[in-house]
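Take a look at this one chain, the form predicted on its own, written out in structure tokens.
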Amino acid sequence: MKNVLFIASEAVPFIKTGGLADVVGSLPKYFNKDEYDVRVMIPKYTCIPWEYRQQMVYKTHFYIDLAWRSQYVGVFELEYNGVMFYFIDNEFYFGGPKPYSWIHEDIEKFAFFSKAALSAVPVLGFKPDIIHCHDWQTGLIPVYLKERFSQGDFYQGIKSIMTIHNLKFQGVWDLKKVKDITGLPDYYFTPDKLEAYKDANYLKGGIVYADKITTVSSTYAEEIKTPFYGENLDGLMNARANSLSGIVNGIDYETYNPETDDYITAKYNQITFRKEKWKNKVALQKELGLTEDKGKFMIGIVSRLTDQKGLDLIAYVMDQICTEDVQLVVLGTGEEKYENMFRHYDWKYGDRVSANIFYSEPMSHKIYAGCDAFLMPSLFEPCGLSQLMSLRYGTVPIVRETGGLKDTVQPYNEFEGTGTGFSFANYNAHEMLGIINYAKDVYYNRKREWNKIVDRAMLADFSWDNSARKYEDLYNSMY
């Protein structure tokens, strides 16, 4: 039996700000329970919903030194969906209405969390063979494991993995302050360890000291070795290339299932979509005040509205996208310029553009089920989950060939009759527009071909089962 402890800053269903929470909360239940005991540890934020907080069982508490103070550490546990979750309690650090705040506060908060998490492991009655860390918030754990915790007998032989969900976020702060907060000796703050460009960098520490490094798609694992995608760490990623691998994320096929989804008007599957799927489109048109026409080509976007997502390309050719034979439905929040851009086109083309500048889980499902195509022209995309959801719902993805998008969407080839979506290579607005128009042409003029693309998309398997098998192989390779 291999024991694995995931340590992260968020996990569904307790707390979620992004895809990280989906991975940490969903993946553990898909491991083979006969061979792997996978448990999860996150902070006990006061903003976790009360229905979960009241079920947590107090286990123990103790004190640790952080900077110049002695700090309380409470340990709680809760079994959810057959997986044991542990929660580190300290209201000074984990109070407040949301999990993250200003970076200087988060730097101290997650130094505390890393130290507290490692200190709590011996009292769990569960000794991990592998500690699997996620993103910069847990970057100090592999460092501490090699430093102060390496003396204790209990910690001998524990291996660590660092998973990078998005290299853009690294946990960077003033070197001297980080030295004070973490209590790590000067030895650790050199350019080959935690120091980067005169600051301290948590993620870099994790990458240097972890036994293995993974990221969330094999293309992204290659991309981050280059200066364009490497976020100033490409040299380090090349130095650690032998320990680096990419494993694509999955989605929860129970939650995202057009056969059982209660958020959508007409349920359907890979056999019945030709007869049923359009009903979701008409219901969505009705709800959003668009022209009701089951034959109209409808494109969906569900996204954070930021530069990373390629929205400047869309802004550049928005008038050409919104021609009379297209409807566009947008859901999400983000940068003001993009929110206002979509609002403007909603006002300009009220019968065919609907800008929903908020986030709603039910509305996202209606868009995945109701649209014909799903647009995702990202500048970079470590994995991406929206394209996996759209494949699952038979909504054909139109993506840029980067990161996880390249790994999960097979471009349509009309000569071989293959492919599950449409893609373009260069970060160029007119190249994107060309591929949108190509997809539209197939939709309107070669409907049987279009339906075959939908058919193949719905047969693709990006459930967590696949990912879990690959993580099992990785864990096995470490012993």
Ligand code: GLC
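Everything numeric here is computed off the predicted structure, so don't read it as measured data. In case it trips you up, residue 1 is the first one in the sequence shown, and so on.
Below: the form predicted together with the named molecule, not depicted.
- For the residues Ile181, Val208, Val396, Leu385, the 4.5 Å heavy atom test against the named molecule in the predicted complex is passed only by Leu385.
- In summary, among the residues Asn249, Thr402, Asn90, Thr214, the only one with a non-hydrogen atom within 4.5 Å of the named molecule in the predicted complex is Asn249.
- Among residues of the shown chain, His165 is one whose heavy atoms approach the named molecule to within 4.5 Å in the predicted complex.
- Using a 4.5 Å cutoff between non-hydrogen atoms, Thr265 does not count as a contact of the named molecule in the predicted complex.
- Interface membership of Gln308, defined by any non-hydrogen atom within 4.5 Å of the named molecule in the predicted complex, is confirmed.
- At a distance threshold of 4.5 angstroms between non-hydrogen atoms, Arg304 is in contact with the named molecule in the predicted complex.
- Note that among 227 to 235, 138 to 146, 193 to 201, 376 to 384, the stretch whose heavy atoms approach the named molecule to within 4.5 Å in the predicted complex is 376 to 384.
- Contact residues in stretch 1 to 39 (any heavy atom within 4.5 Å of the named molecule, taken in the predicted complex) are Gly19, Leu20, Val23.
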